[in-house]
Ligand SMILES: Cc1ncc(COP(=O)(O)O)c(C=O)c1O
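Presented below, as structure tokens, is a lone chain in the form predicted alone.
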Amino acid sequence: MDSDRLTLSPEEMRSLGYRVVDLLVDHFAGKEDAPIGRSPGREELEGLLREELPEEGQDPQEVLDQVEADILPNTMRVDHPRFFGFVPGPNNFVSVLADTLAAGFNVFSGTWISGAAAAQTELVVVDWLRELCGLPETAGGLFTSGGSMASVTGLAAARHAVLDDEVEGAVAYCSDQTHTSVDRALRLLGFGPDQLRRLPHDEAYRLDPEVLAEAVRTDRAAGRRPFCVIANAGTTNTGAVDPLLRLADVADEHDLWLHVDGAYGAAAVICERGRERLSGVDRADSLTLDPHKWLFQPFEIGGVLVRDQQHLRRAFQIQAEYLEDAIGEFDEVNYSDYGIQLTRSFRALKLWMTLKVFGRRAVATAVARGFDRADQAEALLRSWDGWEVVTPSQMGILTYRYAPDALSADQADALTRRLPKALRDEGTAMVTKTTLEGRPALRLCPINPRTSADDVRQTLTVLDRLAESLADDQRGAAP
């Protein structure tokens, strides 16, 4: 080891690297039997990891020992087959190796001159996504860190194209089920909280086109400037898909930009069932999607597509003197001109390698399996006494609660709030809860392609046992 040069010998690199690969292979090969992971308290982790900045280096094998013993076990395994909370992150080994290559070669993908092949690969993969979503050849986009930054990027294009960046009096519209990343994006873009109208959802937790149209007419009559509607292609709460075709008609009628938040669900267009659910997504002016969700990539890779990709360039391109050499030829794409980042990692490589190695058909089958697992969970819960399906299986998400006749609504709600932690304490699976119509509900999101029918059945069986036990405790504690 040559510490002053920050290098290891070839032998040390191979030894350390082979051990890391062994850890990864064991991780991918043994997920079904591995624990779901831990989320310890701050005090415990301070005891494990707090130390002074090391003045001298340590044996790299010993450092990896600490990673293996103290860091990796104390995280939740979001790619575990029985991790059903939030939105799982079921990556794949090929994409992990791609990230390793991109990081190891330190590929810079902000400018063509520094990363020509990286930019071309991103162009190709973005175009694959464009075709899957049915957008025209004028459309294009780029990869971002995630859905939040994708929303910032797409809405910045909308602000520039529709408002010429003059935000005073402008109004955007969405349903009350829209992800809070949209609020954050508009705040960063200079809009006040009163410039986003969150409209009430319909009986299926979707944005009602008639309610939208009336709100637009009211605001315009009051002298405001309606400019954008944000539609959902799979909400995080329930998986609801807004009526995209009808919303696109309203947007056309009232000269609104249609931004579709598909961070969770848009990637499902790769399979037939997803295409049916997402009818109208091809009408979007901008569209976000997260390959690190339903295209099974490691964090981080979100993405944004814009119907006319020149709107991105017009919104973001700023020439700096020191980047004169990076301007290049007219057909050379500098992705730093299409979004916020100048320094960008080679995110496209992992999705490119995944689609090349497995093919579209296999990925589509994996996505469809998420729909099937949610359907299975709904059928099972409907067959059991005491369980209530709150919202049916849609886009791979199901919400439900334990509400037997013997419990009041308040008692059922209190029990529902306790179930996720009780399940985590068992260590075999994870679900999370949300709030619908003022009441708590459990969420199940079984989109991991390695999740088996038995994983779903086992998890719900444990939940049923825990619910009955907690209900007995509640009845026993009653005066």
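The numbering used is simple: start at 1 and walk along the sequence shown. None of the values given here were measured: they were computed from a predicted structure.
Below, we turn to the form predicted in complex with the ligand, even though it does not appear here.
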| residue 341: heavy atom within 4.5 Å of the ligand in the predicted complex? | no
| task | Check whether residue 264 has any heavy atom within 4.5 Å of a heavy atom of the ligand in the predicted complex, and answer yes or no. | result | yes
| said: Is residue 82 near the ligand? Define near as a heavy atom within 4.5 Å, in the predicted complex. | reply: no
| task | Examine residue 146 and determine whether its closest non-hydrogen atom to the ligand in the predicted complex is within 4.5 angstroms. | result | yes
| request: With the ligand left out of view, choose which of 195, 92, 334, 181 has a non-hydrogen atom within 4.5 angstroms of it in the predicted complex. | output: 181
| Selected contact from 174, 351, 241, 87, since only one has a non-hydrogen atom within 4.5 angstroms of the ligand in the predicted complex | 87
| query | Thinking of the ligand in the predicted complex, which stretch from 229 to 237, 205 to 213, 342 to 350, 375 to 383 has heavy atoms inside 4.5 Å of it? | reply | 229 to 237
| remark: Contacts from 269 to 308 to the ligand in the predicted complex (any heavy atom within 4.5 Å), listed N to C, are 290, 292, 293
